[in-house]
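Just the one chain here, the form predicted alone, laid out as structure tokens.
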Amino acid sequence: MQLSTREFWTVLHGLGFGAIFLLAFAGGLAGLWSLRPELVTIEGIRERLGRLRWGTVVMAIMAWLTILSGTYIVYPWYRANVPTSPRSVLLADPTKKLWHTFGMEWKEHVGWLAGFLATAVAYIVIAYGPALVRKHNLRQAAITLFVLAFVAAGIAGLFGAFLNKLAPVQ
């Protein structure tokens, strides 16, 4: 199997960076959820926080790599001003037009939230560290931001897979 340069970047964007972010979510969520006083010892807090710090930073980086590679590498090919571009193909077919007007607009705009929210979670974990065990409301806020980042990225990823199936970047 051979991939063109555009196909390679599309795969790296979605199945590489995006999938790593989405798959790592479960570990990060479990790490935040388990930082409860009744579940961890002082030694356990140190061990979990080290993993959680690295994990949330890597996840934020993966979110930004997904967003930036999509916005500045893959997206210009999608939106090229030629009749055969994926955007033109979708807009030309009334049965597929909604895929661009809603699906791609989500990816273009709402998908960026994943990076901002994942970065906010990484900041909270790094800045507050062990205090997250005692500060239930702050830990809950971080979990909420984390879930929202996952939802924004997950929906963007689904739209990306469907859009690429309907009108692939070639």
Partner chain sequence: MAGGAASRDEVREGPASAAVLSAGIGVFVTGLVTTLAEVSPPLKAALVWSDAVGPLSGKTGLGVIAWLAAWALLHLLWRRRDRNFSLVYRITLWLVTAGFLLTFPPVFEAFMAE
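Positions refer to the first chain, counted from 1. Everything numeric here is computed off the predicted structure, so don't read it as measured data.
One more form of this protein should be noted, the form predicted in complex with the partner chain, which is absent from this view; the next part is about it.
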Consider the chain as shown here, without its partner, and state which of Leu65, Leu49, Ala120, Val57 has a heavy atom within 4.5 Å of the partner chain in the model of the complex. Ala120
Quick one: does Phe102 come within 4.5 Å of the partner chain in the model of the complex, counting heavy atoms only? yes
Should Leu39 be counted as a contact of the partner chain in the model of the complex, where contact means heavy atoms within 4.5 Å? no
For Ala24, is any heavy atom within 4.5 Å of the partner chain in the model of the complex, or not? no
In the model of the complex, does Gln140 come within 4.5 Å of the partner chain, counting heavy atoms only? yes
Those residues of 121-136 with a non-hydrogen atom no more than 4.5 Å from the partner chain in the model of the complex are Tyr123, Ile124, Ala127, Tyr128, Ala131, Arg134, Lys135
